[in-house]
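Here are two versions of the same chain, shown separately as structure tokens and labelled structure 1 and structure 2.
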Structure 1
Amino acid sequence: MTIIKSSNLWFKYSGSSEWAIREVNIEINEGEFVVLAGRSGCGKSTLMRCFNGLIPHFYEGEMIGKVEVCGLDTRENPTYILSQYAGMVFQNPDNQLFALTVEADIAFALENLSIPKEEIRERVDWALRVMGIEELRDKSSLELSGGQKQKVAIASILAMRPQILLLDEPTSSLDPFSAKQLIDTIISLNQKYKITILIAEHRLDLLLPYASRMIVIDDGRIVLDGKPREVLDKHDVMPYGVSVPRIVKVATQLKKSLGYSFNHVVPLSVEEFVEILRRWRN
């Protein structure tokens, strides 16, 4: 079932003469794990703002076309309604955390929606448990590491029980270990709870083995869209500012030097690569 749909979508910010998004026609299905890739400033963040209603309700500018999220037209529905269907997590979690405790941060949006206290307590408990941060309940965000803050920010969105989670480069300020932990949690949200994931991220080596789809954006336009293996096998993504995972580079070099086709399967992880080589030798 289609959960996000954009039709001939264009947008440019107020005061700018350049279109940030150009002629975007896209359909995202329920349960998909979609990676948005492209150089900084290509339009990834703008596109996600269109998908949760921040555009056109919060960011001023000119919007052409139509966006539907869970069947709701984003022009006709306010952000507090849309946020219950598509929640967004930003690069800097400090922009989303401001309460005295983690528990209060997660409960904040629910209280604003006048949800009954018992249900708020239940949702907060669930979000803390899902993100594996129950021990942080009574801590202040000032006491947390970057990775912990980002998990709390995600928990505050999950408590709204959205069908879609939009993540705008959530690991950009994290060290490699914390980034791997966070991405593993995001993957689990998709696999275990069937939450539709759209993530803009540069650490593609951690994401692509689990992604159902890879969309490459350049100058506001979608230039490539397909399964990660197909996109990386059939296209050169480097000109679009996309960093090819190292294991794909190794496999490509081996393919060129030895002429082996890998049975047209591009390995997206070290484990896959080792298994392909094992079958090849046998």
Structure 2
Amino acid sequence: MTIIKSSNLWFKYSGSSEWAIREVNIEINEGEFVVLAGRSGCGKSTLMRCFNGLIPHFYEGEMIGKVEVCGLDTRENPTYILSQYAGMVFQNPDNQLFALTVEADIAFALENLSIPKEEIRERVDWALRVMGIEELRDKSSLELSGGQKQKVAIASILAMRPQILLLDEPTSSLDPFSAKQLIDTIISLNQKYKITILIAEHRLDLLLPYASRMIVIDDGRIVLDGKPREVLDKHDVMPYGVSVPRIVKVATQLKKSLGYSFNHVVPLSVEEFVEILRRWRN
């Protein structure tokens, strides 16, 4: 079932002469795990803002075309409704926190939705546990390190239990261990609760093995769209500013200059590559 649909979408920020989004036609199905990639400034955050209604309701500019999220036309529904379906974690967590305690910050949006107290407590506990930040519960959100803030911001969105999770560079401030943990969490949210995931990221090593789809954006347009393995096998994505995992580079090099094709399987994880090499040797 289609959960996000845009038809002939264009967007230009007011005061800007260039279109930030150009002719985007996209259909995302329920349960997909989509990675949005592309150079800095290509339009990843802007596209996500179109999917939770911040565009056109909050950001001024010119929008052409139509976006439907869970069947709701984003033009005709306010953001507080849309954000219950599509929760977005912003690129800069400071823009999402209110300097209360961590616990209060996570409960904040839920209280505004007049959810019963008992359920709010449960959801807050769950979100803290899922993000592994139970010990930060009583800290002030202002007294956290960059990565800790990022985790709190994600917990506050998770607590809303949205059907679609829009994550704008969620791992960029996290240490690799926390990044891996977060991605594992996202995978389980995707698999267990069938939450549809859209992630904008520059660091793809940890994500690609799990993504069902990779969309590359360049200058506001979708230029590549497919399964990560196929996209990386068929196209050189470097010119679009997409960082290819190092092991993919090793495999490509082996193929290009040394003639090892590995039956056209692009390894997306170290484990996979080691397995391929083992088989090849025997």
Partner chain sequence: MIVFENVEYVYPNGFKALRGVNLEIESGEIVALMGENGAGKTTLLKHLNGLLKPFSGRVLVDGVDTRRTTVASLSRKVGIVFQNAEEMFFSPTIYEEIAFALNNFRYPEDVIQKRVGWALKFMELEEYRDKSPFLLSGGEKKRLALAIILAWSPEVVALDEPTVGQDILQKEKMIQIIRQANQQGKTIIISSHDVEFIADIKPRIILMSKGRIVKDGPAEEVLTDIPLLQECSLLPPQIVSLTSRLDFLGIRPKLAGPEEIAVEIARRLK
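Numbers given to residues start at 1 and step along the sequence of structure 1. Heads up, when I say rigid core I mean the largest set of C-alphas that superpose within 1.5 Å between the two forms. Model, not experiment: these values are computed from the prediction.
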Students should recognise the form predicted in complex with the partner chain as structure 2
Aligning on the rigid core, do we see the C-alpha of residue 144 shift 2 angstroms or more between structures 1 and 2? yes
After superposing the rigid core, is the C-alpha displacement of residue 132 2 Å or more between structures 1 and 2? yes
Once everything's superposed on the core, is residue 163 shifted 2 Å or more at the Cα between structures 1 and 2? no
Inter-form CA displacement between structures 1 and 2 at residue 192 - rigid core frame, Å: 2.9
